[in-house]
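Given next, in structure tokens, is a single chain: the form predicted alone.
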Amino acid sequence: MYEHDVIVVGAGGAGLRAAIAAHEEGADVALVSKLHPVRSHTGAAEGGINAALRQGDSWEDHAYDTMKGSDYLGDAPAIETLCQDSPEETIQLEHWGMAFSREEDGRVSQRPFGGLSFPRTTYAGAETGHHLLHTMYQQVVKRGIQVYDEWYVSRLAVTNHDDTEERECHGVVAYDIKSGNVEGFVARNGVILTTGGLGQVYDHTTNAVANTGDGAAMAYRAGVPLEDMEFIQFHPTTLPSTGVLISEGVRGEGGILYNNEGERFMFEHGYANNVGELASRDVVARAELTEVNEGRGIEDEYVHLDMRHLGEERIIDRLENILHLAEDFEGVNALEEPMPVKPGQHYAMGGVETDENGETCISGLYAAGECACVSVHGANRLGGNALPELIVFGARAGRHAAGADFGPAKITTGKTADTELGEVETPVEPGAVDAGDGDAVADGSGTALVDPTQTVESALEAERARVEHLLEKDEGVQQAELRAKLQRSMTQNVNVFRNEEGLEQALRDIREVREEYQDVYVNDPSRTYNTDLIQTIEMRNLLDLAEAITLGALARDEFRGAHWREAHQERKDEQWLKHTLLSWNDGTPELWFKPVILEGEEKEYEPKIRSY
């Protein structure tokens, strides 16, 4: 049994920043991660960090762009916190030694990005996330922060009070990939989930194989609501063969999209008459797929992204790794020919419901980064807003978990007087096959409170039993078959364009896979570096999150941001200016809603028609 004040689960951008912040508050903090920190998927972030740093720009303008980009589903206190704190956090990275690109006068470079009214995306070539990871990991090492790398956290240690909001998180249980041991971690002050995205729900994604939504799924089963899960961002420019990301920085520098007729379709077909390729990501992704669906795609699959006109010097200075990606994965020399691109799953706007300090409705449990929903991105995230979210809300969660007092939060968590119960008709029964299949620990003493160590020991016992069951079973179905089936259905039915028939089919497929998962087994009997075991545990998380995405998408019968419904081609502010939430109620997903907070520090954001 290990014990620390604060345990951070996941060591990407949000996790590293949370750990540093908690350490600065005087906490004994540890990072527990299934990957070595510098292998975290934050390293794949290419574009940059939005921050109002220059004369002529302001955090207020950044906040307005973010709210507009969110299609007015972002919460103003979260958006304003992001935009106010980002400049200081970005400068802090520079002081820690992050190698930002520079102008000739010595200032850090900033480039235009989609949906921004000012070129405020601060970058380090096209490898911003890579530099950010290494910069912050260096600070973790410098401070002597304990890192348990290649430890896979698979269960939260949470008490099971009937009322979710009376529950307490006292730690986690993790599988040591190197030894095969399953051990408990007691958190005296708090657990911070920073486990990143859920891209492996889909088969064409920019996300790494490790992005299986572990933190969001564990929190969901422990009783924390998932918020706005239907809003999945499909990045407009991914390589067709692999899903590898081609940075929005290419378009920010002046890259142009063409169809098979050589038309610059963003302008010529009226998708974004003012800014063309620099419209927000949801607009560009829909435009590309419309071109393909109407027969103007190349090989009926993709469009072309051309940056040749930028010139070799500028490309090598600002976008060099894009050349390597195009050459390595598509065999294209982007200095001499256009690159093939098509939309691919990229980001989850939804996630674990938190307030602006990262705290959930369960005492002692926090979340930050992509696995969380604060909500700063609403229905659509602007490019360049993911990395500031990591550092801003990672820092706030770390400080708060370590005992810093930020005063009362403006964003509520859990059910309140504003809660509106919802319902959605489904073709099959959603949720667990076995009722009560959650991760909250039973209270064996019969009293209202559970000793922290006892809570972790109970969770540890349950997780060891699950691992033993999976390893001892010698026949059944393997996770790879189930994962492929789930991913195909989600890509086909819950993609950029959605309709009721497809969403219902996805729920049927998810139910079928969930029932088959009851007979899953691990073919590899070894105890060390057992990737088959890890992926089998991850599979459960993918199922729960795929279902949450699809239920939210079926319930929300409007067109907002990244959520497009064939039979509902308008934004319905009177009905849907609210967040979708799902709670795991004894194994059954419970749908409910809470209003969006449009009232900011000094102004109220008025929903307007979103055009670019």
Ligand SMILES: Cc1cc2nc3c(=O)[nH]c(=O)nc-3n(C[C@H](O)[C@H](O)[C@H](O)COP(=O)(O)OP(=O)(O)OC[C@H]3O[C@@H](n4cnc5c(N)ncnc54)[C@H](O)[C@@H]3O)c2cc1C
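These numbers were taken from a predicted model, which means no experiment stands behind them. In this text, residue numbers run from 1 along the sequence as written.
There is also a form predicted in complex with this ligand; it is not shown, and the following applies to it.
Residues placing heavy atoms within 4.5 Å of this ligand in the predicted complex fall in a single listed stretch, namely 388 to 396, out of 157 to 165, 388 to 396, 493 to 501, 292 to 300. Taking non-hydrogen atoms only, residue 553 never approaches this ligand to within 4.5 angstroms in the predicted complex.
Taking non-hydrogen atoms only, residue 14 approaches this ligand to within 4.5 angstroms in the predicted complex. This ligand in the predicted complex comes within 4.5 Å of no heavy atom belonging to residue 220. By the criterion of a heavy atom within 4.5 Å, residue 9 is counted among the residues contacting this ligand in the predicted complex. Checked against this ligand in the predicted complex, the residues 245, 116, 147, 341 give one hit for a heavy atom within 4.5 Å, which is 245. For the candidate set 74, 358, 190, 384, a heavy atom within 4.5 Å of this ligand in the predicted complex is found for exactly one residue, namely 384. Interface residues of 38 to 53, taken as those with a heavy atom within 4.5 Å of this ligand in the predicted complex (partner not displayed): 40, 41, 42, 44, 45, 46, 47, 48, in sequence order.
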